[in-house]
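Single chain ahead, written as structure tokens, the form predicted on its own.
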């Protein structure tokens, strides 16, 4: 979940970025970043800085960061701050914005993300989600907290979106961090090429690895993609010897069945008894962001799981000899 701490002050007026385009050096490789969250304690050991990359090939129904899905910058609107003045409508040369009593409406097909509406709004209703940055630009921000990393056993985590969706940028940034002794964590759902993942693992200290469902057909229904590549990449990580924590989003009525939890635990334990499992209970904290991006949230009526159900799932996983924790 993206918090307010360390939110990037994005450059207004930026258009569509270059993603994974190599410059004359590794430090000039470009990536699309939508947040750098400092002082994070939920994305790996110790105090960390988490880099959120934009773009994801999966389309999980429960995603709490809809701003991470599209690889290109996009404009969000916070209607609770809107005075309905209509200035954004006047400056929009693409005629993509309308304002009514409900707030701002953006025609995403018309919008060219020029940023003029953001510049014109003095109430910060509109915000550009995502900007193009070089590896060195991101690294310069991450370096500011080296003392915290060292004192707490922390480091840098790269996630998304999907970090493997921008493989050259992820590789170069992790390499840059490891060159100066910063602990690195890759947070991924595993949907990327195995060759790219293998390169990235060279500079990865820890992997957080999402598994949504063991059944390929149901996985496709829930995320838009089958899980064959994801499971093959998990085997690759385990063979590499890089420590891995399996993270399972626990979504009532979707992947919380006893059969799926048992299949997951059996599969993971068959690959490695050393792998740890974290259950991530479903929440609706990101629901409001869908409206800010003019999208519909499909699981609006779904309630979070009970502590009893989570406890049962934890017991099943532990019965296969795996360490399991339920995220708070």
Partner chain sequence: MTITDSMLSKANAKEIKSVVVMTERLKKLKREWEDADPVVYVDDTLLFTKSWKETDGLPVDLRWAKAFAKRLEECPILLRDDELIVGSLTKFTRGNNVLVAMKPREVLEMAKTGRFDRKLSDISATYIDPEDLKLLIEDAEYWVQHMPTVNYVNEALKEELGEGHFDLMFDRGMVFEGRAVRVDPDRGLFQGWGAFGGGIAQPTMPVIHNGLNHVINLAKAEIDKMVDQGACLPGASAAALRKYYLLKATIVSCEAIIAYAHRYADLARDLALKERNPVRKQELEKIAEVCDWVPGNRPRNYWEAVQSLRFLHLACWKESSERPEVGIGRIDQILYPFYEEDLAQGRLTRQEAGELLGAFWLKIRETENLVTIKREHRAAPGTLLPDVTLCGIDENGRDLTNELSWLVLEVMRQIKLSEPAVYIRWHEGMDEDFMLHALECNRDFGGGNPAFLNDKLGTDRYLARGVKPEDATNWLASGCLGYHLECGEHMAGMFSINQAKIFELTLYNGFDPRTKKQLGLQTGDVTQFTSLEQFYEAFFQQEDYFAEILRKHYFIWWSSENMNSPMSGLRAAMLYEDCIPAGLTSREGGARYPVCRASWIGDRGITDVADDLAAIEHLVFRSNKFTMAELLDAMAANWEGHDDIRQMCLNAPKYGNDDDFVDEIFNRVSLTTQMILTGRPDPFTGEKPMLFKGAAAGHVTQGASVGALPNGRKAGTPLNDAGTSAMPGMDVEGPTALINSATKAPHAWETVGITHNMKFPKAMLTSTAKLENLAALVKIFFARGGWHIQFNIHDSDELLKAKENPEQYKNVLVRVGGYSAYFVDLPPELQDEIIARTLHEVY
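Note that the structure is a prediction, hence the values are computed from the model and not measured. Numbering follows the first chain given and starts at 1.
There is another form of this protein, the form predicted in complex with the partner chain, and it is not shown here; the text below is about that form.
J.: Out of 284, 61, 266, 276, which one falls within 4.5 Å of the partner chain in the predicted bound form, going by heavy atoms?
T.: Checking each option against the partner chain in the predicted bound form, the one that comes within 4.5 Å is 284.
J.: Exactly one of 111, 196, 81, 91 has a non-hydrogen atom within 4.5 Å of the partner chain in the predicted bound form; which residue is it?
T.: Answer to the contact question: 81.
J.: Using heavy atoms and a 4.5 Å limit, would one call residue 57 a contact residue for the partner chain in the predicted bound form?
T.: Contact check for residue 57: no, nothing within 4.5 Å of the partner chain in the predicted bound form.
J.: Does residue 292 make contact with the partner chain in the predicted bound form, using a 4.5 Å heavy atom cut-off?
T.: Contact check for residue 292: yes, within 4.5 Å of the partner chain in the predicted bound form.
J.: Looking at the partner-bound form in the predicted bound form, is residue 288 within 4.5 Å of the partner chain by any heavy atom?
T.: It does: once the partner chain is placed as it appears in the predicted bound form, residue 288 has a heavy atom within 4.5 Å of it.
J.: With a cut-off of 4.5 Å between heavy atoms, is residue 239 one of the residues that contacts the partner chain in the predicted bound form?
T.: Residue 239: no, not in contact with the partner chain in the predicted bound form.
J.: Only one of 122 to 130, 254 to 262, 177 to 185, 220 to 228 gets a heavy atom within 4.5 Å of the partner chain in the predicted bound form; which is it?
T.: That would be 122 to 130.
J.: Since the partner is left out here, which residues of 138 to 164 would have a heavy atom within 4.5 Å of the partner chain in the predicted bound form?
T.: Heavy-atom contacts within 4.5 Å come from 144, 145, 147, 148, 151, 152.
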